[in-house]
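Take a look at this single chain in structure tokens; it is the form predicted alone.
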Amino acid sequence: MKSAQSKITAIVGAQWGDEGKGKITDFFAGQSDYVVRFHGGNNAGHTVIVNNNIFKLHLIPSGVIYESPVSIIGNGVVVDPKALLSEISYLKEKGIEPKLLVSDRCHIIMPYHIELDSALSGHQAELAAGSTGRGIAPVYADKMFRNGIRMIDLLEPDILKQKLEKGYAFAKGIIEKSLNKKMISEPRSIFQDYIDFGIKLKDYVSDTSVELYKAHQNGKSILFEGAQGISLDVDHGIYPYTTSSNTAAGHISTGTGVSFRDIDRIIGVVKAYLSRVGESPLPSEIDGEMAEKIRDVGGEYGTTTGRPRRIGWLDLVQVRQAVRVNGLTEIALTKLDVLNGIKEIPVCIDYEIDGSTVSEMPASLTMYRNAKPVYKTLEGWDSIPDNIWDKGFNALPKEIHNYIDFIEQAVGCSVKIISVGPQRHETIIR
């Protein structure tokens, strides 16, 4: 039975990732007892700025910056144990002792997954998604092949040895016989390395589904932190230019073992414009001087890869899908300050495809490749008043009010959170 005191909130990306979810998660994490990742791996990246201190995180939830919440890596996350240990050390060097639990059911990225990732990207050519090369797709594939190695297996040498033998042979066959590449890693050193990783991570490993169930029953506050965004969802995104996991809020149930019916609030994070790391068509993409200005002012470089992000105007076809598929209860609109001084701001409201107007994301790759943006141009604003977070929503320029009203009407969801800067306090709640 649901506790009257319990509060469960989910924060998910409503575009291509890089929307500012880390900051929004960090903003709410101080009110939470648990902050939870439910999918993806260290291909994701969140940047959090607190008192001018910059934290770049890839696996551990953004809430770890606070002292109070327990950070949980749920079973839907795939874990590179070497990367996780490196991130734990990084936080300790910054004076943070992580209160961290990692699901014993997380699947583990092995060296041969990283090798296979590189080989597959070359094979896929123009259909490649622009992989980060972290082994994410191969480890999820092995999970479905039932070839996977899980976190609990690192604590059981006999099981690890048995699974490694089969998993290694399977990957070697694909790399060498199907993709004509040479396998570099070898099983003996992998076995010893991963036994050592298990010893170092043992104290963090837990049945996190039970932990979260008990927390919910006891009225604890739980915050779920999504990675990437809706257009990267392997089912609902622009396939095959997607990530390898489900980024939609519905994956919380399978990625953590927490019932979806218990979630009270689902916040979709929307950047006031568009950015994208990786390959795919991008209907509202822009280039030239305006793109460079937005990229430089917004710091649009991938947290994980460092690659310059592609830039585009806000695409409400994409946001419309995010509202519908995630069941968003509200929107957090970020990086409005980056658009300061732009006189006219185009917003993509529909696509024009072969003479027809399309208002929803097409499944057809042919249609998406041929999509041209239908723009509504809105009046821009000069600047945002200093210390606006102390003055409140009404003190924002009327042009920002109009921009927000237009988004709400077009996608059928209220904008309740407005971010006007990278730091935690630079936030307005309506």
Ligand code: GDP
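Numbering starts at 1 and follows the sequence shown. Remember, predicted model here, so these are calculated numbers, not experimental data.
Although it is not shown, the form predicted together with guanosine-5'-diphosphate is what the next lines describe.
Engineer: In the predicted complex, does residue 154 have a heavy atom within 4.5 Å of guanosine-5'-diphosphate?
Structural biologist: So residue 154 does not count as contacting guanosine-5'-diphosphate.
Engineer: According to a 4.5 angstroms non-hydrogen atom cut-off, is residue 350 in contact with guanosine-5'-diphosphate in the predicted complex?
Structural biologist: Judged by the heavy-atom cut-off of 4.5 Å, residue 350 is well away from guanosine-5'-diphosphate in the predicted complex.
Engineer: I'd like to know whether residue 107 contacts guanosine-5'-diphosphate in the predicted complex, with contact meaning heavy atoms within 4.5 angstroms.
Structural biologist: Judged by the heavy-atom cut-off of 4.5 Å, residue 107 is well away from guanosine-5'-diphosphate in the predicted complex.
Engineer: At the 4.5 Å heavy atom threshold, is residue 397 in contact with guanosine-5'-diphosphate in the predicted complex?
Structural biologist: No, residue 397 sits far enough from guanosine-5'-diphosphate in the predicted complex that none of its heavy atoms falls within 4.5 Å.
Engineer: Which residue, 215, 266, 338, 317, has a heavy atom that falls within 4.5 Å of guanosine-5'-diphosphate in the predicted complex?
Structural biologist: Only one option qualifies, and that one is 338.
Engineer: Quick check on this chain: which one of 75, 246, 231, 334 has a heavy atom within 4.5 Å of guanosine-5'-diphosphate in the predicted complex?
Structural biologist: Of 75, 246, 231, 334, the residue with a heavy atom within 4.5 Å of guanosine-5'-diphosphate in the predicted complex is 334.
Engineer: 361 to 369, 30 to 38, 397 to 405, 43 to 51: which one contacts guanosine-5'-diphosphate in the predicted complex at 4.5 Å, heavy atom to heavy atom?
Structural biologist: Careful reading of the contacts points to 43 to 51.
Engineer: Pull the contact list for 409 to 430: residues with a heavy atom within 4.5 Å of guanosine-5'-diphosphate in the predicted complex, in sequence order.
Structural biologist: Going through 409 to 430 in order - heavy atoms within 4.5 Å of guanosine-5'-diphosphate in the predicted complex - the hits are 419, 420, 421, 422.
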